[in-house]
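So this first bit is one chain, no partners, the form predicted alone, shown in structure tokens.
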Amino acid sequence: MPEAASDTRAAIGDSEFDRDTAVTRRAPGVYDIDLSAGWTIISAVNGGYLLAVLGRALADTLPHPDPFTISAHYLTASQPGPAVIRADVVRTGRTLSTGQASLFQYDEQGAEVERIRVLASYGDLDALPDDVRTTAKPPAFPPMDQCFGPEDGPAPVEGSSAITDRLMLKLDPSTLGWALGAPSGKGEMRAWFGLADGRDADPLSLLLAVDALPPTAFEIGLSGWVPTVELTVHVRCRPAPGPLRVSLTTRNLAGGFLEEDAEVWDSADRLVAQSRQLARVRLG
């Protein structure tokens, strides 16, 4: 791990991420939160952070502890400040429970505006069998000390990039052409990932990890904000301690939209999370 996380590692449950995703139960299924400005990029709150906030509310609402699959539709851009979450139980079973939740903020007239709506199924990751049969392989890229972070170059976008101060990101040099003015044209992004305070990953922080890297649109040769329209995450197992490896791939950009497929691997070479999102891009 980098120097920021070597000596004073934060514990799960007692870190900046935990404090900034904590929700306060106002009534059954109703939660208040003050969305932190520390997880913004340009002027909007990061979609992975928002998904973790909703994931925490659903973990309190549902009888099972861990997100197995969660799908979010991002309806309007969230801003730092007060928000309310309303969550409902859709179905409960012995091994899985399903719930839905929406996050709302307020406009200038005080009316509620829905920002995100999610549907999720929760279970117990520790109860899953150990049998794994897969053709998936961990992404191959250089050791962390041969990769580069935001501190090694200029900010990639104009405006706030507060989220980068809360992350440990070390990007594969072969996916950094965009930062040098020479994007490869390939829709790929790969990085070592962790939280800057050294907190180890858990299922909720995996919801952040899939949406925390620079967008693949940069390496395709596009710039600017790439807002998420829909994001689905599958959490496959509880991650081992240590840094994660995240790989993003885009195969198709058409009509001003692209998909990003993410894989997240832990220090034990296990595929711990997968996601796909649809995002808008600015063309021309």
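A residue's number is simply how far along the shown sequence it sits, counting from 1. Note that the structure is a prediction, hence the values are computed from the model and not measured.
Beyond the structure shown, there is the form predicted in complex with another copy of the chain, which is absent from this document and is the topic of what follows.
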Discussion item. Is it the case that G256, even though its partner is missing from this view, gets within 4.5 Å of another copy of the chain in the predicted complex, heavy atoms only?
Written reply: yes
Worksheet item: Would A240 count as touching another copy of the chain in the predicted complex under a 4.5 Å heavy atom rule?
Response: no
Discussion item. I'd like to know if T21 sits close to another copy of the chain in the predicted complex, meaning any non-hydrogen atom pair within 4.5 angstroms.
Written reply: no
Item to complete: Mark G181 yes when one of its heavy atoms lies within 4.5 Å of a heavy atom of another copy of the chain in the predicted complex, and no otherwise.
Response: no
Worksheet item: Which one of these stretches, 190-198, 163-171, 203-211, 111-119, sits within 4.5 Å of another copy of the chain in the predicted complex when only heavy atoms are counted?
Response: 111-119
Fill in: Contact residue in the predicted complex, chosen from L222, A37, V226, V30 - any heavy atom within 4.5 Å of another copy of the chain
L222
Practice prompt. Determine the residues of 89-119 with a heavy atom within 4.5 Å of another copy of the chain in the predicted complex and present them in sequence order; the list may be empty.
Written response: V90, R91, T95, L96, T98, Q100, E114, R117, V118, L119
